[in-house]
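Before any questions on binding or motion, here is one chain by itself as structure tokens, the form predicted alone.
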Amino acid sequence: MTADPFRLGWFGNLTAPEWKTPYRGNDPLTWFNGDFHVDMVRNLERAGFDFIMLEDSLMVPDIYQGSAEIELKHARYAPKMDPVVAAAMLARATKHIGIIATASSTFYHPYQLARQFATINNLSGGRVGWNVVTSSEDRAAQNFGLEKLPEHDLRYDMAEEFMEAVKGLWGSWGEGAILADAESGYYADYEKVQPVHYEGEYYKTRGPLNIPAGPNGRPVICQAGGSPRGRDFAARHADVILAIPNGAAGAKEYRDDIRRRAALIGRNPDEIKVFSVVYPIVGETARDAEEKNAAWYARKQHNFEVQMTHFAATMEIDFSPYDPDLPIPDEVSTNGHQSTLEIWRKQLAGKTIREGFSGMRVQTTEMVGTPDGIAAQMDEFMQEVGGDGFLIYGQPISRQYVAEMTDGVAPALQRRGLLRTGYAHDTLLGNLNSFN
């Protein structure tokens, strides 16, 4: 017995590729020209991935130890290029794979975002997606003239309005509005291009948009809601959800909850595809994979520094004043990723800060083995969860790791009938919905 077919996506970013290993071709100094990421996305397309999701952040973090030193030492958040700009290049370099770019509803204006994503949706033939974030860092807010972010739930109130305004703008060009009729002399039918006149508590925009929204009437919507407000938002708006619950049982609970919330507001739950984040460790043999996994955990000081800067950047919590040989204090809280903080509390229960963060890896469940072994583990996971896909996370990215996925794991999944071998549709939304 095997699981139903599922999908693969890649959790990526536009930061420096792996630069601490001797593997040739990672281009740690020249990646700014885009060649590294173009090659990567073409390989993902060849392997049958549905999309790459490009995360983003809008600051150089300096929370940990009150300095940007450790962050810039490891180059996890900076330097980083704008994914919305790069999405157009990556879409032009490919034919089938979706390109999902992150943009913050807290810092964009609805008209600006609607226009940019409509442009790329047209340029890509319907293969672009918007990963909706509300941001989680005061440092980012300060780059946009604010002292600090709005409170967590208020950001979701604002995001609801933002989404209403953006969807209104995308809908401001009716079907058949483009005529290009030489006989009548009309290029566009003015009666099918209407103002939006959106006015909410936080956003106001007249419309109409000055470009049609493109294939499917809008880009794909992606979200990573984990808190109760985030889950409601994702169930209402998202086509794709990124999730990091704990284990297969947690993934099933999360997916079932999202589907329940969607049904309660009248959406077809099958329209929403939940992708569990995983970081497979692949070896030529099972022993090789175990040794690679053990070597990762053995890099305790490196892992500790990376996770401390990641935690400080996303949560804006500086753990340097706390004793690393004691557990996370109960009083620690955040206005950032609240659901992630609670997940980490559970995962680190009974461990000291140093023990926990030295072994922390961003993933739903551990997967270690040969390509066939990883495929079997994914199969078993999906049999329990019920769908819909995996989001491969491996930071920083290397050509070697991409090849392990595209030339190892993907073919192993295809041999089991679990992964697509071709693209049935021209658009990202069509391919996402080509099977349940």
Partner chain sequence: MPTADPAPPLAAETGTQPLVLWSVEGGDLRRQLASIAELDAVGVDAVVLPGGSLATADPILIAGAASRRAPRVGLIASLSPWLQPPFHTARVLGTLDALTRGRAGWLVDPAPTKFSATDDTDRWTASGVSDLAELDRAFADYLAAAAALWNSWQPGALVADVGGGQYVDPAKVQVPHYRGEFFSVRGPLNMPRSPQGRPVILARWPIGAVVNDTASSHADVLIVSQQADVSAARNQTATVLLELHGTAAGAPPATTADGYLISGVSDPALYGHVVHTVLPGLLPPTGRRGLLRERLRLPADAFDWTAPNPNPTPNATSATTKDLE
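Positions refer to the first chain, counted from 1. Because the structure is a prediction, the values reported are computed rather than measured.
One more form of this protein exists, namely the form predicted together with the partner chain; it is left out here, but the text below deals with it.
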Candidate spot 325, 391 and 401, all three touching the partner chain in the model of the complex (heavy atom, 4.5 Å): no
Go through 84 to 92, 352 to 360, 225 to 233, 260 to 268 and give me the stretch that gets within 4.5 Å of the partner chain in the model of the complex, heavy atoms only. 84 to 92
Within 4.5 Å of the partner chain in the model of the complex, heavy atoms considered, which of 237, 255, 139, 155? 139
Which residue among 174, 125, 217, 247 has a heavy atom within 4.5 angstroms of the partner chain in the model of the complex? 125
Non-hydrogen atom contact residue 411 with the partner chain in the model of the complex at 4.5 angstroms: no
Quick check on residue 345: any heavy atom within 4.5 Å of the partner chain in the model of the complex? no
Please tell me whether any heavy atom belonging to residue 62 falls inside 4.5 Å of a heavy atom of the partner chain, as the geometry stands in the model of the complex. yes
Touches the partner chain in the model of the complex: residue 381 (any heavy atom, 4.5 Å): no
Taking the partner chain in the model of the complex, which residues of 119 to 150 have any heavy atom within 4.5 Å of it? 119, 120, 122, 123, 124, 125, 139, 142, 143, 144, 145, 146, 147
